[in-house]
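Below, in structure tokens: the form predicted on its own, a single chain.
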Amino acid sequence: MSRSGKIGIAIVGVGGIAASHMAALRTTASARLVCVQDMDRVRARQVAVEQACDAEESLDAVLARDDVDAVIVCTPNLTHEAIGAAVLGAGKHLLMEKPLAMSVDGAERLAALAEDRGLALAVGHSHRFSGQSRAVRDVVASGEIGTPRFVRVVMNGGWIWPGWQAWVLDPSVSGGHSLHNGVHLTDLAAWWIGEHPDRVFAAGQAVTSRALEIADYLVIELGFPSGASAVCEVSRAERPRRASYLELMVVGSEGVVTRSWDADGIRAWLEEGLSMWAPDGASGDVFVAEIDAFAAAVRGDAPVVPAVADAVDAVRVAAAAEDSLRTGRFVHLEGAR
């Protein structure tokens, strides 16, 4: 850690989502960007010039640096387990872009390694840091609506992937839409209800093109041990491509909390990175809040958000959703709480 008290951060993978982390690191007072690394070394060097940081040729070189306290991994999902194990094995704290891993076993291995090493392991479930998501959580936690019984989360938008060659469209690399995007919604639903799901059912369509190997429109239904339930709907097939629709609702035993304002412009890719609207309509950068929370966990001042068990369970639910998509059946999960 630097004398300024800022956490020294390295970013591995300089693709699209890394830009939002870099923008946050330019803003926050809790951490600073030390270096970047990517398989595309030319691109990494270009980004390093833009960000006024170093570019390293390899992951080993990143992990050998004494000024790197933690690593943010922004690489394709298939690589998460191996890179995450290397980072934690080198004694560096880890912020992994969601999902934690491509499989439940892989997620559990990373969780166990972080615990054994006494390292902070956070996963980028960034929607937990949006003002509106936290506002819903605050209402639920206050007891104002009683016990949560039903959650509905809808996040629909247009095509955002760069082209047909995008790795996200290859389920062998991304794990499918449930794992890549659906985890945001199922994580929110479980967070608000306060339980891990024990039943999962999913249905989806390839709306943009029949040639797609993933469902770019997806609905995941969750059942919980208490009898509560949730419906999570996510689409990247809306037209026009700039279309955006968000719906949040929690039905409790004593009342309902719902997001009722216009969804137009709820999420925006700005020059500074991805922003989301707060409950009062103001634009707030969730990535700054996420990095600040991660830095607090690295310093030992606060627990990681989300809890590692929640991040592992998000992988478990997503894997079950993909299984349900293939079979058309409910999948029952073991060990839900």
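Quick note: we count residues from 1 along the sequence shown, nothing fancier. This structure is a prediction, so every number in the text was calculated from the model and none was measured.
There is another form of the same protein, the form predicted together with a small molecule; it is not shown, and what comes next is about it.
Chemist: Would you mind picking out the stretch of 213-221, 139-147, 246-254, 119-127 that comes within 4.5 angstroms of the small molecule in the predicted complex, counting non-hydrogen atoms?
Modeler: Correct option: 119-127.
Chemist: So which of Glu50, Asp67, Asp40, Asp60 gets a non-hydrogen atom within 4.5 Å of the small molecule in the predicted complex?
Modeler: It is Asp40 that has a heavy atom within 4.5 Å of the partner.
Chemist: Looking at Thr208, Asn156, Thr79, Ser103 here, can you tell me which has any non-hydrogen atom within 4.5 angstroms of the small molecule in the predicted complex?
Modeler: When the small molecule is considered in the predicted complex, the option within 4.5 Å is Thr79.
Chemist: Taking any heavy atom pair closer than or equal to 4.5 Å as contact, tell me whether His93 reaches the small molecule in the predicted complex.
Modeler: The answer is no: His93 has no heavy atom within 4.5 Å of the small molecule.
Chemist: Does the 4.5 Å heavy atom contact test between Cys74 and the small molecule in the predicted complex come out positive?
Modeler: Yes, Cys74 is a contact residue.
Chemist: So in the predicted complex, does Ala314 come within 4.5 Å of the small molecule, heavy atom to heavy atom?
Modeler: No, Ala314 sits far enough from the small molecule in the predicted complex that none of its heavy atoms falls within 4.5 Å.
Chemist: Answer for Phe201 alone: is it within 4.5 Å of the small molecule in the predicted complex, judged on heavy atom distances?
Modeler: Flag for Phe201 set to no.
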